[in-house]
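First, one chain by itself in structure tokens, the form predicted on its own.
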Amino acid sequence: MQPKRVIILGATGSIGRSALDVALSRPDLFRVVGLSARSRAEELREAGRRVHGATLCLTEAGDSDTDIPYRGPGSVGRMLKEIPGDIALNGISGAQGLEPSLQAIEAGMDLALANKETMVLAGRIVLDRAASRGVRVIPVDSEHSAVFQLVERFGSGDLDEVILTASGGAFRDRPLEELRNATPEEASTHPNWKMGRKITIDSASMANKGLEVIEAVRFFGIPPNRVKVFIHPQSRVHALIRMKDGSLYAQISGTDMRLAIQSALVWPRTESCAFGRLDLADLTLTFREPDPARFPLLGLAYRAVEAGEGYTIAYNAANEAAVDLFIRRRVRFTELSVLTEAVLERPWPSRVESPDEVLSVDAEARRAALEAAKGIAQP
């Protein structure tokens, strides 16, 4: 059996670096043929040196980057079209990851998806295009990877609920009255996971879990009221499914994204893995419901997905704009939800029919968030 040809998008981010570790740990299973990054040219070159022969792509290239064959605007799409691959792993952060997801599908590759915004912005469009091309979209997020693996094993016919777990982020036990003065540095420190800055802040606000609720609804075709969230501080149970008879089945492993990445890359097989193995001795697992007052962005995500596709686009765009303002100390941590709710108060389409319409709603929602921010006093 020939190794799978893998293209890693976002190769210098935390997901991309973990995917590279996975590929290097099993050269019998994987051959990395392409690596992309946004602007970290030297880190991209170093990744390329680790997997000799991989084609490099830098979307924000400088004058000194002429050694990188694919560079500049549109370069990811050109690489995906011209470099033959079996599966593309999309570890790009934010809404900018949508277009590469569609381009990988159009190129006829399976898509290992760590970019949750792809499903939040255009889940129906993406899955329809994948079906028409005869390829699969396989989730990489630890929670959705867990649900995917469980549903693949137990089937969806008797599925009653999907249960996503959340660490609770940096402020899960911080007094509510102190959240108003929380700093970007504090919100960027995760108790369990090492992730990028934006996703770590989203974990503290639980916007990240809100996006995952939307993603689960789209991925698994279940109504929002059948997706539950529980805070699980140990981050060992990544998700559970409840069957119609009440039985619960869980995926349990260590806090290592490399297990979920390998599971996606080898699907539909299961292979031995060097990552995520968990020792059960002295293991304590606790769960509790999230406090709506502490995590209003989670409730807003349910509201958005129930309202329709345009509202989930607006939710993501408003939150991205708000987090950027928070990082620049233009708004307080507690105002992330205020801005997002203000944007969701506007009318948005219940259904979007094309990527261009997705981008139009996204741009309008970002403008609405910045407009709403003008009415908020500076910290």
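Numbering starts at 1 and follows the sequence shown. Predicted model, so just to flag it, every value in this text is computed and none were measured.
Here the subject shifts to the form predicted together with a small molecule, a form of this protein not shown in this document.
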Want to guess which of 365-373, 21-29, 351-359, 8-16 is within 4.5 Å of the small molecule in the predicted complex, heavy atoms only?
8-16
In the predicted complex, the residue from Ser167, Ser93, Gln149, Ser253 that sits within 4.5 Å of the small molecule by heavy atoms
Ser93
Looking at Gly72, Pro84, Gly108, Gly196 here, can you tell me which has any non-hydrogen atom within 4.5 angstroms of the small molecule in the predicted complex?
Gly196
Give a yes or no for Ala104: in the predicted complex, does one of its heavy atoms lie within 4.5 Å of a heavy atom belonging to the small molecule?
no
Taking 4.5 angstroms as the cut-off for heavy atoms, does Leu336 touch the small molecule in the predicted complex?
no
Does Arg40 reach the small molecule in the predicted complex, with heavy atoms at most 4.5 Å apart?
yes
Would you classify Lys116 as touching the small molecule in the predicted complex, given a 4.5 Å non-hydrogen atom cut-off?
yes
With the partner left out here, if you bring back the small molecule in the predicted complex, are Glu99, Ser205 and Leu298 all within 4.5 Å of it by some heavy atom?
no
